[in-house]
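Okay, so we've got the same protein chain twice, two forms, each given alone as C-alpha cells, structure 1 and structure 2.
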Structure 1
C-alpha cells in the first residue's frame, strides 16, 4: 500500500472514531447515573422549572431523538451554553476566555520538554555507559515516575522559600515580582486597529508589552515544567535509544571510514535520523497535556480548560461537559492525523501493511 493511500485510510477512519467517541460521551452524560436536570435546577427547584429546563435541553423527547439532536448539534459546532457554572453564557465565549491560558501553558510545557529532554537524551546516547549517562538516565526515570500533583506542590514549596534554598535569591522578586499562584496575564499582545479590505480584516495597530510577556512566561513556567515532566523523561529515554541505534548503523560506519569529521557525522547523519522516532512521542504529549492539565491548573490556580472541565464535572454542568468533551475529541483526533501526516512525509522507509 502506498504511503498516501495509508494516510487517507487513516483519515477516513477518523470519522467513525469521532462519531463513536461522541456516542460514548452521550451515553455518559445523558444515560449516566446523574440526571442532568437535577443539578441545574438544584434541590429547591419545583416541577415547573424542571419541566421548562427539560424542554429546553430536549430531555422530554425519546432517547433516540435526543441522541440524533446531540450528534447533529455537536457535529455542526452548535455547542450550546453553560447551565450551572456561568448560566446562559455560550460555550464558544467560554472557550475564548479559557482556552488561551491552557494553550499558553501547553505551548511552554511542550517547548521546555523538548529543549531539555531531547538534548539530554542525545547527550546520554552519544556517551553511553558513562557516569553522566547513568546519571541522566536514572534522573529521567525518576523524574518521569513523579506524580504531577506531588511534583507541583513540592515545586511550589521550594519556590516559596527560594531565599533559603538558592542563597538569598528569591523567585518571587526575580525579574518581575508576581504571585506563585494565579493565571498568567495574556494581554501582552493586542490588536488595536483593524482595517477591512473587502471581507478580510487585517490588524494594523499592534500593542505589545515586553514586561507583561516576561511576567506571563515567569508565571506559567513552574506549571509548564510540572506538566511537561513525564514527556521530558520519555523524550530523553527515546532520544537516547534512537541515537544509540543510529550511531551503530552501517551508514555511520561508512561515513567514519570515509574520514568524515566527527562533528559532521553527528550533526548530519545521526541527529537527523534520530529525530524520526521522537515524532510520535512529541505528538503523544498533547494527549497527556490535555488530560493532565486539570491537576496542574487546579494546583497553580490557572483558570484554563482543564479547570473549567473539572468545575463543570463537579458541579454537574453536564451539557457543558459534553461540549468540552467533543472539543477534546476533535483536538486529539486532529493531532493524530497530524502525526500520521508527519510520518508519511518524514519517514519514507516504513512500509505500511
Structure 2
C-alpha cells in the first residue's frame, strides 16, 4: 500500500470517529441533567421567560431536528454563538481569546518534558546500574506519581516563600511581573501594518517586546512544569527502557564488531531506534491540552481552553461544548495519523498494511 493511499484510507476511517464523538457530546449535554435554559433565566425566571428562551435557542424543536442542526453546524464549521458563558458572543471570538493561553502553556509543558525527560532517560539507559541511573529512575517515578493538583499547590507555596528555599533569591523579584497567579501576557509580538493584495492581507510591520516575552515565560513556567511533570516521567522511564533494549540488540553488536566508534553507534543506531516507542508518548502529550490543563489553569488562573470547556460543560452551553469537542476530536485524530507517519520515518521496516 502506498503512503498516499494509506493516508486517504486513514482519513476516511476518521470520519465515523468524528461523527461518533459529536453524537456522544450532543447526547451528554442535551439529554443530560444540565438545563441551559435554567442557567440563563436564573432561579427567578418564570414559564414565559423559559418559553421565549427555548424558542430563541431552538430547544422547543424535536430532539432529532436539534441533533441534525447540531451536526450540520459543526461539520460546516458554523460554530454559532455562546448560550450561557457569554450570551450572544460568537464561539470563534471566544476561541481566539482563550486558545492562545492554552497553546502557550502547552508549548512550554511539552518542551520541558521533551528537553528533560528524553535526555535523562537516554543517559540512564546508556549508563545502567549506576548512581546516575538510579537517581534518574527514582526522579522519574516521583515526578510520575505526583498529582497535578497537589504539585501545583506545593509549587505555589514554595515560590511564595522562595527566599527561604533559594538562598534569598525571590521569584517575585525576577523579571517584570510579581504575580504568581494570572494570565500570561501574550502581546509580546504583534503586526503593526498590513498590505492587502487582492483578497489576501500580508503583514509587513512587526512589533516585538523582549521584556514582555520574559514576563510571559515567567508567568507560565510554574504551570508548565506542573503540566509537563507526568509526561516527563513517562518519557524518562520509556526512554531508558528503549535504550537498554536497543543497545543489546544484534545489529548494535554487529556494529561494534565492525569497529564503529561508540559515538556513531549511539547516534546512528541506538537513538534513532529508541525513539520509535517514544513517538506515541510525545504525540499524545498534545492531549494534556484537553483534560490535564483544566485543573492547572484554574489553580494558576490562566483561564484557557481547559477552563472554558469546564465552565461550558457545567452550564450546558451546547454550541461552545460542541465546538470545543469538535476541535479536540479533530486534533486527536490528526495527531494519530501524524503518529503513524512518524513511525515510518523513524523505522522504514514499518509498513502500511
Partner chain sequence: MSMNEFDDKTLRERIADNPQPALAWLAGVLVLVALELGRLASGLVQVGETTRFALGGIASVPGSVEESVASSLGEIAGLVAFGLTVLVLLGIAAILVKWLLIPWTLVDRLGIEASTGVKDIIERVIVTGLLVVAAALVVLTPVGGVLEMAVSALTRGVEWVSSLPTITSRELISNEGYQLPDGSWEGTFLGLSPAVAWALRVAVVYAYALVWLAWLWRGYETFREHYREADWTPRDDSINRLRNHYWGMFGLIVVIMFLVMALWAPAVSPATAEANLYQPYEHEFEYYGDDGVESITHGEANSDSRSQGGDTNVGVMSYDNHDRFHPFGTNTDGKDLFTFLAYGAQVSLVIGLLATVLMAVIATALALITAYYKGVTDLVTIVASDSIISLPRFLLVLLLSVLFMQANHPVAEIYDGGLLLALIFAGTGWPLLWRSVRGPALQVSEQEWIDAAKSYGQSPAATMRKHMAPYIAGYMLIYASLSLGGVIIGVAALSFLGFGVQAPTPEWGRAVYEGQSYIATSSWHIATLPGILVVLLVTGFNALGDGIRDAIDPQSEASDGAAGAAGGGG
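So that the term is clear: the rigid core is the largest set of C-alpha atoms that superpose within 1.5 Å between two forms. Residue numbers count along the first chain shown, from 1. A quick note: this is a predicted structure, and the numbers were derived from the prediction, not measured.
Asker: Identify which of the two structures, 1 or 2, is the form predicted alone.
Answerer: Looking at both, the form predicted alone is number 2.
Asker: Aligning on the core only, does the CA of residue 315 end up 2 angstroms or more away between structures 1 and 2?
Answerer: Yes.
Asker: Once the core is superposed between structures 1 and 2, does residue 11 show a C-alpha displacement of at least 2 Å?
Answerer: Yes.
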